[in-house]
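A single chain comes next, written as structure tokens; it is the form predicted alone.
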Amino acid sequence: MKIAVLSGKGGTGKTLISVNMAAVLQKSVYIDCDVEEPNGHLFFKPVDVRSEKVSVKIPVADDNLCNGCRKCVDFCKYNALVYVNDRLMVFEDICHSCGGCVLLCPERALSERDKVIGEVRGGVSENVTIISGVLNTGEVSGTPIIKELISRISREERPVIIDCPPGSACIVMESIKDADYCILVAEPTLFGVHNLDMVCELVRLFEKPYGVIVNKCMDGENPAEEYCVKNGIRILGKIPYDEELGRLNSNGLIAAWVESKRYRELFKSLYQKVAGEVQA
């Protein structure tokens, strides 16, 4: 079973829930798809870490073969190619590595080279296998790295917790496309409702079953809860505002491992609710 944990913005508690949920299972896999700023490893502190580079294909022009027909320039919808001063130029930062220009070139003046954009790191921590993606600074898109991450769990039989990037961009879509269930993490504020509505729309678009966890709940009004009730959205749980839980999290500790069974039972219960939803 693959469970994706996502939110409309950062700081809602998405990683808190992801790492603790993976930690309470007998055996699990934690995937950190927040490749621009992965931090799951700070909690798990994995050992036996191995890394592999992730590359994309970038077109390279041979000036001796190029006749300036500009067919590749016209083809590229991202404007990654331009022909100026009798020379074809490639703007790597906006190339989407589709390979169409290479196939289209009638003179075979275009070939491809590998460009490293990041890496995938894997390790273990207690009963959890940790796999993280890291996007190199300055790179535009982490989608190829997330594709590599997801490909590694395609036949995984253990429960998989996917810690998605915040928001609803392409990297989030790539993170949830193979998920069996989506957990949406929201804050109990009007701003939290705005971001919750955004990711609700995304998971509906992908026709994924989903439920909401409202984090940092306090006494009084709870706009996120009201939004869920009004729209018939399943509330999987409400995590109260807890200074001790916040302290553990800010210190890079997994509450389900280091504290009383209260936290273990909390996150185990959340997982069991999701498992019940998937099997229903």
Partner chain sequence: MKIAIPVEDKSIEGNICQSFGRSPYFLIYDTGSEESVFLNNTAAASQGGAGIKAAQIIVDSRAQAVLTPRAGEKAASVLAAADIKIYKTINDSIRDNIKAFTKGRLTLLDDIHPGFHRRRG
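Numbering follows the first chain given and starts at 1. Just so it is clear, the structure is predicted and the values come from calculations on it, not from any experiment.
The same protein also has a form predicted in complex with its partner chain, omitted here; what follows describes it.
Comparing 183 to 191, 121 to 129, 145 to 153, 76 to 84 against its partner chain in the predicted bound form, the single stretch with non-hydrogen atoms within 4.5 angstroms of it is 76 to 84. In the predicted bound form, residue 116 stays away from its partner chain, with no heavy atom inside 4.5 Å.
The closest heavy atom approach of residue 238 to its partner chain in the predicted bound form falls outside 4.5 Å.
Its partner chain in the predicted bound form is approached by residue 95, whose closest heavy atom lies within 4.5 angstroms of it.
Mapping the unseen interface onto this chain, residue 70 counts among the residues with a heavy atom inside 4.5 Å of its partner chain in the predicted bound form. Think of it this way: in the predicted bound form, its partner chain has a heavy atom of just one of 205, 140, 173, 103 within 4.5 Å, and the residue is 140.
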